[in-house]
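Coming up are structure 1 and structure 2: the same protein chain in two forms, each one given alone as structure tokens.
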Structure 1
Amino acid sequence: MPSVEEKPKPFLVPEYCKGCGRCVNVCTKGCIAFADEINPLTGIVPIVLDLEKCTGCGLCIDACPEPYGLRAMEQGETYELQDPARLFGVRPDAAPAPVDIPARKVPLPKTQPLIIKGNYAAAVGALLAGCRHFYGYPITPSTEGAELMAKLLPKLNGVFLQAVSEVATVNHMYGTGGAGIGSLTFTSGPGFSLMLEGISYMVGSEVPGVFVNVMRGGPGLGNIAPEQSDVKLACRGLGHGHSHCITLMPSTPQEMLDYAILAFELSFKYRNPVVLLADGYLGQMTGKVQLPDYMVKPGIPGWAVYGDQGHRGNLISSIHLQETDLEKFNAHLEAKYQSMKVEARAESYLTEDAEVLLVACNTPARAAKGAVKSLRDQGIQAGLFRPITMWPFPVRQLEALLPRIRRIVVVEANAGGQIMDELRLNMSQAGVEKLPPLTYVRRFGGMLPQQTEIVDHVNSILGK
């Protein structure tokens, strides 16, 4: 009597299972159930098979909406995931690899200087850098920058959108950056705090965007007066995970313009957000600003998800479900952060023979510069070291000055010594373990250090 051929039983490829449960419902023998754990490759709970009672009826295979989820397995057959291109050939609509269209500089005629606020200067700098997309939510003392963008962008065929919140703002910027397009926002401390999760997504997806944070007093709503209260947030707290951004700290309206242009250049160079940290006085301060002799015409990066045929094969994402993949990606980010250290910038004033070194940024650096002049008039060899990038901190530039320095005085506008902490931490991480004695002059709550306070402090520590 001939033997009855055994029907093939189902075989599961978990990576294709969507956990819909259709096969569970049609199995009359109870051979299929949901697994107890999520599949780390898909983020979905797949089904599991117990084929002891399976009759090989094939109902589960027919019910499966995924062609390769459940399939009939002949006895002794094995199955491995295959590249679809190997199985079916290249997709007929596959586009060639996208080509980088680089940004280029367009010459501008020489103009007379402008007398404008720092906030306006940063907005003009962004426009000259090729920015045509602004998203934001009004917040003092940064709102004037958004107002100017609202007036000018429609005339430049640009996009101005007052978002419903700062959370919405950063996600608009995420999408725009993913398309390879530069975008800008103006905000202050409370708004910047709300943007941190989205900034981390932008870092993880490697997309550009520029954040102008005109810092005000805190914590909480605090007040609308100037403070340097967000230094630690920008350098050490940019959202969850391994997140860093180049952080620029201007001290004049001219630098607000210049560093806004630089911020867009660095943001695209490293495929990473950039933060421009100003204080409330600097945003509101009026000064003479000279425009550059060029403006930037943006390009289209090859990596962008631009929405056209040439870029349809690209993907922007920050998710890496496998632990080994996420570790590898974070190693890639760390290597990128290390490469950013060449962007560390600082300015030195009368430091060639200085024995007392003042360290200050933003508007307090202006008072510190005046204090250096007063101290020099008293015969005290003082100098000013002004970090322009707070992250990456200009370690080597400061280290070069240390052999002559007897005292360091950090001048800052916050209660916790956030700039001093960055100085200590970065010098220690770079292996500079011995620093001259550090003291400080601090005001906060909207008050800024005064030139006379700095001079008096230096005299007191020198015993004069």
Structure 2
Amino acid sequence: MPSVEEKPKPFLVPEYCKGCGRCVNVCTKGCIAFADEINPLTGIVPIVLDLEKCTGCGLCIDACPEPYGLRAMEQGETYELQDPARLFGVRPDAAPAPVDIPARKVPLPKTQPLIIKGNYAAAVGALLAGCRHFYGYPITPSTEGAELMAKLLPKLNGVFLQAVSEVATVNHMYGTGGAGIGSLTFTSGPGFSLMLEGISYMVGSEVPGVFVNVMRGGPGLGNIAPEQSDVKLACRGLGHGHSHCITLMPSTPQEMLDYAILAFELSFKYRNPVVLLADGYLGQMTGKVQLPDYMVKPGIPGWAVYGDQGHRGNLISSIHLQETDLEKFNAHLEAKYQSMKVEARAESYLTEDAEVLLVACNTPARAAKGAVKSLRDQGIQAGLFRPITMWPFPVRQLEALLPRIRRIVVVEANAGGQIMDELRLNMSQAGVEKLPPLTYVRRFGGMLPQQTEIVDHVNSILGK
């Protein structure tokens, strides 16, 4: 006897029916109707099936918007309610356990130092860290970094994509970072402001990525000359919610390279974006830059949504709908931020016997270093404390210097004292309430504090 396979007829677990009735209208045989009663489990009136006249045309199944609503009934199945867990059988292709492909180091030959400007150095640093994806929108004074990446990345089979905006940029980075692959952008104040929403999402979804902000004068369009205008933004204002990023502040082209490498390492270590705050002057400054003896070949972390079988089960999302879940997640973030404190870095220059301590970052730190030298020539025991991470602030390193210090002078290039605010807030939060008298040298609007101004200020506060 030749067997004739019947077309499957519809099958429904009433609890999964929302009673929309899209199936009722399509059935030409009148097999489907609304039930008479509300289903006590759902509070909804489901449909009921009377399959006597059913031809198995399947139109009702196509019309049902619920994945587990009307389904084709396999031969031999009954209409009886079944345990949902066993309803559809064990699926052989459930997502496998995530796979972690580790990064590794590729040795590099010893080379002569490069002689390049700060923006270039940060770009080369990113390449050394294994970054092969750059997204960005041109903005002065950061653009050379993007231009160099546009030139070099194709030679390394990398991706350079000029985004339609900074908003698009950060979301390209979110996608690439979510895939477990590091990416870089260069920007400056106005562009960085636009990226903040996306940075908040990256923090909330624990996605890595490195932002080089070559700071310029603000607010608004301001100008394209150097300022340290975005310290507050990077340390306290990374979009909405409880968001922080490790914020590095290099002061030489060599450090632009070194800390770009470090930024990628930390970004993946903590699954968090990292901000490299440079200033327009440093970005343009050409200097000697020595390459390390290795390059990183990145892997694919276990948590990534890479788009392969080994990572199919993963999710990148910042949504925690239940309040208790979001509270737990924020506690997790806070614990992570606390754990980042071990990354606090600072450089101390002639501080062993210092009584006057200059505090400065980026290019102003170089003027301050020059001032320390001049002051020492005058017989004043001056020293420089240079935070390299502004967040986390190097609290313990500064605290250790305090016993000898009689005056602290914060040298910075913004009008409101953003670095001084960080110093006070961080020391206070760490319980270091007693600080020596703080004064400051500030220039802004694109002007940088000059060595002579610093020397004059120190002389004036010492009554000389």
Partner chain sequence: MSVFYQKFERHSHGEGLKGQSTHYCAGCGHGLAHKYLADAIEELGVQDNTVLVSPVGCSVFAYYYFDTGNTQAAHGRAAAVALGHKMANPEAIVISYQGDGDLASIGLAETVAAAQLGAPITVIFINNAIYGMTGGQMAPTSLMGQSTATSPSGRNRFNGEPMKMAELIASLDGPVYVERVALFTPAGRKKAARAIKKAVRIQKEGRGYAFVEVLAECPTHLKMTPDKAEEWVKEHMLPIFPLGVKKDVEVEPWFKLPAPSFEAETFTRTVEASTQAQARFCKGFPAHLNPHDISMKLAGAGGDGAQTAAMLVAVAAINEGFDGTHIPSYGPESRGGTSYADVHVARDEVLNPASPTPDILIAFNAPSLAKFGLTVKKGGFIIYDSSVARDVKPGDPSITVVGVPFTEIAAGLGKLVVKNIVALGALQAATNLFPTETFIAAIREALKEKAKLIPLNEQAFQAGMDAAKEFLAAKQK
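Quick note, the numbers are simply positions in structure 1, starting from 1. We call the rigid core whatever largest set of C-alpha positions still superposes within 1.5 Å between the two forms. Values in this document were obtained by computation on a predicted structure and should not be read as measured data.
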| If only one of the two is the form predicted alone, which is it? | 1
| query | After fitting the rigid core, is the C-alpha of Leu12 off by 2 Å or more between the two structures? | reply | yes
| query | Comparing between the two structures on the rigid core: C-alpha of Met447 shifted by 2 Å or more? | reply | no
| said: With a threshold of 2 Å on the C-alpha, tell me if Val409 counts as moved between the two structures once the core is superposed. | reply: no
| remark: Cα of Tyr68, core superposed, displaced between the two structures by (Å) 6.4
| said: Core-aligned, what does the C-alpha of Asp50 shift between the two structures, expressed in angstrom? | reply: 24.8
